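Okay, here we've got a single chain as structure tokens, the form predicted on its own, with questions on binding and movement later.
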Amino acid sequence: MTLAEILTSLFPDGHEVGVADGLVAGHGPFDGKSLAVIGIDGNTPLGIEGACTLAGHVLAVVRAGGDTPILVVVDSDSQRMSRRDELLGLNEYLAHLAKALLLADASGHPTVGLVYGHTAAGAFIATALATRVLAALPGAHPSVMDLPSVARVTKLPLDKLEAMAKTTSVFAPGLDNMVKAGAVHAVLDPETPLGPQIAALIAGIAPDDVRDTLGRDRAGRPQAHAIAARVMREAHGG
């Protein structure tokens, strides 16, 4: 689905969501109230200006009070890998955006990510993975790092990594692997209205982060839940 199709499905009665320089921002009527929308469209790389702009939109929702949910739509490249952005502290801008989303969630604004295209690396982590619940549409292609990049970092042969990726979802790119690892909670049905599906995700948000539980149950990240539980027990002297 394109962004325009997503917005039409979400807001059949119209909306006030726009796109400027690849950045998405606005709102529309949703479930009897309003849904704030931010994000990245058109496989746009996320640089310092974009991260700061999106964080500003999130913080504006928080300042307004209430419990307006925030939908983060994502079709991005990776972070903008320019010397300028790196020298100006791109990692801090991305962290600021992620923390703004965490603040929104802690302030009573449910955050839901929706990946409908490509997304990778820092841009993926600071947007979609920073939301409380992450959904995707068929055809989306999220990855923390593509396999050629993993090969350069680990010095392992690419063909060996490709073979490992068939049975190990933790580092492997692609939607199916992200679902198995628990990073993506649900794949939505593009043939039915998206509004009720997003509303159901918001209504079903658990008090705690359940991604490690999903990864265990889906056999894509079998050890994370047990290790996290052990760390918490030992941290509390159990």
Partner chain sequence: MALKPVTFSADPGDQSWYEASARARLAGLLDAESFQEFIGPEQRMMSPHLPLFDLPRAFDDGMIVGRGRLDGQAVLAAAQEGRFMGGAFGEIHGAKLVGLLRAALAEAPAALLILFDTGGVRLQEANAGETAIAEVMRAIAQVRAAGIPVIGLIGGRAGCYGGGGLIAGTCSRLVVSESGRISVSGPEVIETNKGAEEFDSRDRALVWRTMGGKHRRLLGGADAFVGDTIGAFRDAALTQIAKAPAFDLATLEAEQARLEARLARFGDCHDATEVWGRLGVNDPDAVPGMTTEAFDALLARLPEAPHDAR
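Numbering follows the first chain given and starts at 1. For clarity, a rigid core is taken as the largest C-alpha set superposing within 1.5 Å between two forms. None of these values were measured; they are calculated from a predicted model.
What comes next is about the form predicted in complex with the partner chain, which does not appear here.
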Using heavy atoms and a 4.5 Å cut-off, decide whether L7, A20 and Q197 all contact the partner chain in the predicted complex.
no
Only one of P190, P29, G56, G26 gets a heavy atom within 4.5 Å of the partner chain in the predicted complex. Which one?
G56
Classify A183 as contacting or not contacting the partner chain in the predicted complex by the rule of any non-hydrogen atom within 4.5 angstroms, answering yes or no.
yes
Proximity of V144 to the partner chain in the predicted complex, heavy atoms at 4.5 Å:
yes
Please tell me whether any heavy atom belonging to E162 falls inside 4.5 Å of a heavy atom of the partner chain, as the geometry stands in the predicted complex.
no
I'd like to check something about V115: if you look in the predicted complex, is any of its heavy atoms closer than or equal to 4.5 Å to a heavy atom of the partner chain?
no
Which residues within 84 to 102 place at least one heavy atom within 4.5 Å of the partner chain in the predicted complex?
R84, E86, L87, L88, G89, L90, N91, E92, Y93, L94, A95, H96, A98, K99, A100, L102
Threshold 2 Å Cα movement between this form and the one not shown at R83, rigid core reference
no
For V170, does the CA position differ by 2 Å or more between this form and the one not shown when the superposition is done on the rigid core?
yes
